[in-house]
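Alright, two takes on the same chain below, each alone as structure tokens: structure 1 and structure 2.
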Structure 1
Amino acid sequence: MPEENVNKQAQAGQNPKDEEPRIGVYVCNCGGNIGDVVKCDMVAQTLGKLPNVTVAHSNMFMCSDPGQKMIADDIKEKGINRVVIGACSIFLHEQTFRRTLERAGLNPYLYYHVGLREQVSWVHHGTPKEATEKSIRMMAAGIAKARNMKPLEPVRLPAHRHALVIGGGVAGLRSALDLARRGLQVTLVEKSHYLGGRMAQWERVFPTNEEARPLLKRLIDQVLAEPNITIHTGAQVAGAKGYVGNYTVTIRQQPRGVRGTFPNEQGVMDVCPIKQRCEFNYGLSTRKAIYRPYKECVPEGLVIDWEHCTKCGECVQVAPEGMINLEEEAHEFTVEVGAVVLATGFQPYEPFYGEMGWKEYPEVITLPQLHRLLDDEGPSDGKFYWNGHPVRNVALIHCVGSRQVEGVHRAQMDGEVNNYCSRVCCTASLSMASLIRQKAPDAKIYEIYEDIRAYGRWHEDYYTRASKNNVTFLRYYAEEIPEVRRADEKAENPLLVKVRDHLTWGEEIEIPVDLVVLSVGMMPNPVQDLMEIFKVTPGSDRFLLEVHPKLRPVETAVNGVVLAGTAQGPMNIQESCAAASAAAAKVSALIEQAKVELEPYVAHVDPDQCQGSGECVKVCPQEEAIELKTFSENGRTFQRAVVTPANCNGCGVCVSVCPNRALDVQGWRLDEYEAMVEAIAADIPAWEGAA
């Protein structure tokens, strides 16, 4: 075939069956990351002797503009119709090189990437000769695959320009607002009957020391004013089916039981005979079965606690007619969405009974309870009192429920300890020390810690301020847990905290205190139902797992399902908002064009070979990815396997069980694998370093 015709076909992205593969091979030095170990010039020179290799080059940086230009020029001028690149991780530059092929007119999937950095130079740094030979064999296998490659097209699907955000905390609100401002429709569902999540329980936020609830109210008002957002409180996802771009989600909503607001709401709450632990105040106070968590909550009306309401009717008697309906029932509805944001939040660690005196002594509380205690709108009106007495001595013990050691700390129900750092606890404890100093200037404050991790901008200032405010610091080791016990009856302070202080060379110190505060860490909210519905997985810390913490930090392994905020790990409010905006940007990029493009590496059925055995359907791990369908032709009825590309993840399990070899994964066909295996085992052309 004349070279000019080859060039024209290459520019058109064509691949006729009789076209001879013309392979361009490119070896990257990676600025020395590869070239300091592997003889890249020698690799290129050796590979240039293999059949169908038209050009073989090495370059200091293949990903650079000159490196990309080299590839594009070879495609245009020399008719290259396959490209094999040996460089760093495919996760870093796969899209870079695909775009290079597209700009040159070649199908972007006629390219194969060999990881010479992670798989060769980084693991064989001391054996350059063997590393060079391994590079040649790996690149030769890539060339063998390239000879068999066929052009592919992305899987293109229509998509709803509508996103579902699960969670009405600060991350869910931020994500919903960003999505709506990009012109997308948003449905936000919140399990509780009120918006705001944990942020509503704080009085102030660090490091700005601004009031938390006015900041939250401003965000909620912006969300409520956005016409593209529909909010459902008291609602949970009951089921979902479909795939990225086309999810049908079933939502179950509990009724509020109360219509709007009315003047004598306090009187209605007063007549209710049922008292329950107030979750908003972390059990420091009680509430009725008809209640409002705090003064300026949104929505602002009362709500019925159906779990504890006895339907005695006392509230109905004193409320305006028709405002309270104790016979309301839950209802279900569906929404069609293109993507889902999981902003399911966190819950504070709940210590075990007796853990540092928790629930054994009433003078032991948690840091979230201390937040509510010192809040001007809290159960003690912001006064630093406990059991009616002012607190004069207080100990804050860090890392309770975080950085735990197996064999030392008690495991959770899954048998694992919380070995991760919750990140925000140190700064939160230090900020509370400053607040205590304001509320009780003469109080003695002890911070008992493993390490101070005030990692954020301006967070270190809290440590400096606490030191200047005469806060006493004592450092313990994880395997030497501080001991909290009851003091003698005649003692002035009810509790004693015994700790081995490694700031004083391991001296054992006993501190008399009025109150012990456990700085508890973060744990994920229990969302097993959502994990099953959306097929997402948790990490070893039980938080929802992203694909890659740096390259794909908010995406899950399920296309169209992304994470926001503390659903994926401990974060402060600033970080949660940043992660929520990142999730919104990802969703927007995915569905804003009303279509999605997916990788073409999915199962493909050869209808001429398929006999409809159904073995592939039995073993497929992906719901609705492959099924048997009935066809009729020339009066004959038969069954054939049919793949739904949007649900297929290209795992290849179906390929292994097909008795007729009717199945293959596009881009990774069996003949490509076989060619690669043969190339790895084959003799390689002579090269200088072989001697």
Structure 2
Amino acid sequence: MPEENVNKQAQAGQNPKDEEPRIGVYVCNCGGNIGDVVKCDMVAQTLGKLPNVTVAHSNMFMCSDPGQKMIADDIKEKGINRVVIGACSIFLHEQTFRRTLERAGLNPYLYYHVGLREQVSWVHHGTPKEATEKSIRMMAAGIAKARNMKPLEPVRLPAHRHALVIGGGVAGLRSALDLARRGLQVTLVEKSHYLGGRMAQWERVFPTNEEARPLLKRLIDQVLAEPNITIHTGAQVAGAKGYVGNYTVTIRQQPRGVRGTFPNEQGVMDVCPIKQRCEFNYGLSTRKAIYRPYKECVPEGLVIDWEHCTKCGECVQVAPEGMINLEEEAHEFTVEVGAVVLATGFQPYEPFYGEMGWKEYPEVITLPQLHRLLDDEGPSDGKFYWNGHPVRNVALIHCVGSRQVEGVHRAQMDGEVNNYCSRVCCTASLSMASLIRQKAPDAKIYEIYEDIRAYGRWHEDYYTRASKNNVTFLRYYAEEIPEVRRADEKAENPLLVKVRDHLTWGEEIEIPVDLVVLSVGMMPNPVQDLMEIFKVTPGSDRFLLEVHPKLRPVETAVNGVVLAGTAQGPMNIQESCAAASAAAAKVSALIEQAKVELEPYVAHVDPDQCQGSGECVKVCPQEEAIELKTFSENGRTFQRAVVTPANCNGCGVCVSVCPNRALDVQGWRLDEYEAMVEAIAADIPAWEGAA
């Protein structure tokens, strides 16, 4: 632990600040990632000639245990007190090497990392000589910085043992449950007025074939049983202040308008004159402006759709006194949390008008709609009927809104096509084919696909079962999108699907069908507001981006903000639950001890130089990060700038405006920069192979 090391150093009388710099330089081959381009041993050899460089090594994998041991041994045995490493990206292994220094008893901030992979080998792979020379210069600059580095201590702060989970779908519920069971306080906010998210709308879930809502209900019951979890439905995050361990989050909650359940709910809904598209059934039915989202929804009871309610008061008349309040207003409150879990989920891809007949023909629906259609509690009570007639021929078209090809498919608003696979649709479609077969034993079922991606455990069984169930498979290529058109009026089936089938030697086949199901992919829920509030970023697929898929798979670049479930990318329910649980583990590790450590790269005022001009306070973009305070000394009063490290994000704007050069960012001081610039511009030692 850091404190111990400080003590150890103090005991040993080591104060690196006063010592002559003894720099250890290490050049990593990165298993060929760097070494195939940059002559790493030449770099090390050359840098070894620079002043203050005590040792210079190259190694295949500096980050491996033997590599780290080399550094630790040099610190202990050769008195190395500054470390410069040329390796991969700082994002990958800064933490790794800091821990190495700590274990060896050196302040972890006496280390500088040069990115030789992203900044050299990957961008200069055709020119090894120049790449080697650039590496030498960059590392020479690092060495120059290292000479001036001072030991730093992280900013240590108390943290709330309290997490905010945003999103009450299966991932959010699962995260909340694990966090609560771990002993943390949890606030769960859900935008809609019921828990369960998209999973509640599924008829059943693969690969276990369980009915979705009873499975979900069991999870919800466990969540409700946890005293550590506070749930707010109809609630959204309106703003947040703070940093890891200490966020103050403002939550805005829409009123439900209805206080609880009562016997005459149906009567109340009946008198409401407003009819609206039912979102729960994906528009396959209508609902009133006062409605129950779905039968077993939690929290139970009716809810008012304020957007469409005219406040006519009909419902108030019929309901028991005091149960409905049409004058209720939204209210805001704040919670203080240490970490935030983004479980904001996905929305099904919305095809554009005319895409394979979508909206053009009423007989074209999406896979989520098919779920509702086949649901016993759905708009047709689970009968496989469309327009009042049994469906005898049905085609399911895969990869609608997924695996799109630029120039073939129409781009989204941002100009990009969805070039990713949505992961769940293949098995979901196959499982629906099985259900259709149960409900309509004689129906002709066509699965029109690109590749069948039944990758998961027991997924392949659905594929096998579909084949045995006489499902007909036709394979198309993304470049030739199947066409859906209206059959002529006398035809038995209203639609025709034309597809070039690559299982029958590229034959063009036209299938008459009653219903077309578009197996639509996943898109992230629009969370632009949350991205701005918590400063997290999306990837090129618009899903929220993790730091690294293997090293830090649920963390965002913002410490204390983690991802759970389909906010991060397409996942099925098992994967969402695993990811949500992993997010909970990360949050637990972060705030369970009720304290956090922040980077020490914050502004620092030299009180001898500061004249209290206040320029820094004017330009500081952070709240309460720097302020002028009045001091008095020997009867003289004067003002000096004072930094609150927890609120400073180290941007350095204050440094640039200070007229007295009284400010510096710790770890990135101006004299360090100057030394680096000089080193880059200086002549480098001659090296073998330079000619």
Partner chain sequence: MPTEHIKVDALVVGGGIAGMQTALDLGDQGYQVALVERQSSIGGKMIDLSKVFPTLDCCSCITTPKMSATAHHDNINLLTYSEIESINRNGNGFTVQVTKKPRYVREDDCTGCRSCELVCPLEVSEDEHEFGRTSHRIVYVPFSTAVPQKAVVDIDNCIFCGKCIQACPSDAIDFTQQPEPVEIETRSIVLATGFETTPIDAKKEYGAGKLRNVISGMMMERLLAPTGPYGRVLRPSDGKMPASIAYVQCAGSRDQTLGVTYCSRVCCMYAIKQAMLLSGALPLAEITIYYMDIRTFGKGYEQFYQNAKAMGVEFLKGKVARITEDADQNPIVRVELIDEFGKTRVTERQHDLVVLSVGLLPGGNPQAKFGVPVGEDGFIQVPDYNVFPAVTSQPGIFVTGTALGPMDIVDSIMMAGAAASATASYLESSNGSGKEAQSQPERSVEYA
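The first residue in the sequence of structure 1 is number 1, and each one after it adds one. Take the two forms, find the largest set of C-alpha atoms that superpose within 1.5 Å, and that set is the rigid core. Predicted model, so just to flag it, every value in this text is computed and none were measured.
Structure 2, rather than structure 1, originates from the form predicted in complex with the partner chain. With the core held fixed between structure 1 and structure 2, Leu545 has its Cα displaced by under 2 Å.
Annotation: Cα of Pro128 displaced by at least 2 Å between structure 1 and structure 2, core superposition. Two rigid parts move between structure 1 and structure 2, and the turn of the smaller against the larger, rounded to whole degrees, is 13°.
Overlaying the rigid core between structure 1 and structure 2 leaves the Cα of Gln609 displaced by 5.9 angstrom. Relative to the superposed core, Val653 has its Cα moved 8.0 Å between structure 1 and structure 2.
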